[in-house]
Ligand SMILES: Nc1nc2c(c(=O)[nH]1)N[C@H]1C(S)=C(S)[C@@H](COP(=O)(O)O)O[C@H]1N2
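The form predicted on its own is given below as one chain in structure tokens.
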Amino acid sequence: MTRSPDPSPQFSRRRLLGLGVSGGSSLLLGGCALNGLSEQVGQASEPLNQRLEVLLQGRGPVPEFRPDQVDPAALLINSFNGTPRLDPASYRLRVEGLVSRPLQLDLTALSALPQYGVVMRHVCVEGWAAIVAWSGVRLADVLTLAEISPLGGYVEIESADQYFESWDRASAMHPQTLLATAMNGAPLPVANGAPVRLATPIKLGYKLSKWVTRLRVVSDLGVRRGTWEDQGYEWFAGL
């Protein structure tokens, strides 16, 4: 049975702005405009952005949408370097780094773990959004199975299309962060990241890697932070 964490009230960016905490939306969305003076403002405001976003994220599960609110046509398809086609029979998700039990999980092993669903709004930094129903395993469950080290503060994510991401530990362990294998009640389409992609309502769309093949737990952020973050996008990218 697909299970979803019970939503609970929490602050949203809109409410935070209404309270005047941020001093302006540019502080929260510094990563959206990436040229000229706006880039300098974004870089200066990012530490404040991240502190505020961590505060919001710590309020508990994000309220979810109803299944009848899903709009499949609204989810646009894009890729960084084409659309890779991974053989489901030979697919393995590697979990390495600061873990006591390195893993290579096939799809059967992933399906044997508890399955959860999240009906969430997928928000793209380009300005569009779509309500999508994702289901799969919690990233937290996979990291727990690998016995993540207390020293592991970050998770690097590699994809078959050479896309690269890195997340903070708390976001990776969030109960609504999934390694999704299904979308809108059907197997995950190749164009949307099959066989495994990230899905969560707490991050902007460019953090939600598709065609995920490797998770590496590390103690610190490396020189590479992410495919788009290395070009100026905000690293935390929380919602």
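Just so you know, these numbers come straight off a predicted model, no measurement behind them. Residue numbers here begin at 1 and follow the sequence given.
Just so you know, the form predicted together with the named molecule exists too; it's not on screen, but the next bit is about it.
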{"item": "In the predicted complex, the one of Ser149, Gln104, Asn78, Thr144 near the named molecule [non-hydrogen atom within 4.5 angstroms]", "value": "Asn78"}
{"item": "Asn192, heavy atom within 4.5 angstroms of the named molecule in the predicted complex", "value": "yes"}
{"item": "Contact label in the predicted complex: Tyr154 to the named molecule, heavy atom within 4.5 Å", "value": "no"}
{"item": "Gly205 within 4.5 Å of the named molecule in the predicted complex, heavy atoms", "value": "yes"}
{"item": "4.5 Å heavy atom contact, Lys210 to the named molecule in the predicted complex", "value": "yes"}
{"item": "Segment assignment from 112-120, 135-143, 86-94, 70-78: heavy atom within 4.5 Å of the named molecule in the predicted complex", "value": "70-78"}
{"item": "Residues in 105-129 with any heavy atom within 4.5 Å of the named molecule in the predicted complex", "value": "His122, Cys124, Trp128"}
